[in-house]
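To begin, one chain is listed below as structure tokens, in the form predicted alone.
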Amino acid sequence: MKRRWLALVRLLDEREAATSLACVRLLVGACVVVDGLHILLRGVAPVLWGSPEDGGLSPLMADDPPWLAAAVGPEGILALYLLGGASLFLGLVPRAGALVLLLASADISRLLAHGDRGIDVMIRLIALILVFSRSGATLSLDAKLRTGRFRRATLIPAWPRLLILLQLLWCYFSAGHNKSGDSWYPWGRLEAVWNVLHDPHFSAIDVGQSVVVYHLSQLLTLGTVLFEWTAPLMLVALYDARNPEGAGRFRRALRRLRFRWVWMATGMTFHLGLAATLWIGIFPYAMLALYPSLVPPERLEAWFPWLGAPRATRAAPA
């Protein structure tokens, strides 16, 4: 027990470069800003979160509004949502920005509960983690103002990135084992993707009744389920990457199959496909915004050197 406890302490005390977490912060902030601007430009905030007396859809605003919404109103709550997203995107006091985003999104979810999307819940969870992280240590205006460098070489606690990683994998696995409809499985003819592509509310393209497209959609349905059900194997693959010595047969098999990179490439293709074929808002983009958490910062900087600090100033992971 003592050995396991010390191993947990070492994991939680691990330090790494801030690049991966900063990318998550920046990309999530961008998605929130785009989402908020979409609402602002359409002028629907008073309709979504206003009281019925004023032509809105939120009975709670009239009866017992959340304290923040009561103080600033529907337009104000949208402004705070946008402010929190902009703070994360720019890296300007991102901890405070994450807290503002969290509170604004929480009030929005109460004002119109049936309009609260799954991706909104995920964004709130990530914002909560970012409140307690040092995501603004690099690729941020904070770093520029404090050190004169936008890209800063510094080590931060690794646990926020690892917690976001776990949340992402759990989201996929949870989505997989909640797919209880027969259309997701062979005994239901794998028609789930075909059905949603013909749903006029969601479909962004006209796929017609092509037999080729039908069979392709069956493969995509099966691939979606397999991708989500195998999310826990990413933990094994990531552990193997950190501890390659003493690997058993199963871990060596995952290594030979390059499971980590194949799984990530599948997920990216999956979300880009959703973005191209369905009207589902920021969901695919916000999920992709979390993918930098799957990549250690030193690997991310090796792929994209312009994300890291100047080589002469880089610090080694601890």
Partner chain sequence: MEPSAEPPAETAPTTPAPAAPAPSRWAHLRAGTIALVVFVHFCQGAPRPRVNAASAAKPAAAEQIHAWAGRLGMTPEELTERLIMISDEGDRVRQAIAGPPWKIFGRLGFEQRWALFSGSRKRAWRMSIAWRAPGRPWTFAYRVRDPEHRWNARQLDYRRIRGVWNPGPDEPRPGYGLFVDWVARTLCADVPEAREVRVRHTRVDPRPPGEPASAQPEYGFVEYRRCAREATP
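Since the model is a prediction, treat every value here as computed from it, not as a measurement. Residue numbers count along the first chain shown, from 1.
The same protein also has a form predicted in complex with the partner chain, omitted here; what follows describes it.
The stretch from 144-152, 191-199, 83-91, 68-76 that comes within 4.5 Å of the partner chain in the predicted complex, counting heavy atoms only, is 191-199. Proximity of Trp279 to the partner chain in the predicted complex: non-hydrogen atoms within 4.5 Å are present.
Within this chain, Leu165 is remote from the site of the partner chain in the predicted complex, having no heavy atom within 4.5 Å. Residue contact with the partner chain in the predicted complex: Tyr285 places no heavy atom within 4.5 Å of it. Among residues of the shown chain, Pro52 is one whose heavy atoms approach the partner chain to within 4.5 Å in the predicted complex. Note on the partner interface in the predicted complex: the residue among Leu216, Ala96, Leu235, Ala241 having a heavy atom within 4.5 angstroms of the partner chain is Ala241. For the stretch 117-132, the set of residues having any non-hydrogen atom within 4.5 angstroms of the partner chain in the predicted complex comprises Arg117, Gly118, Ile119, Asp120, Val121, Met122, Arg124, Leu125, Leu128, in sequence order.
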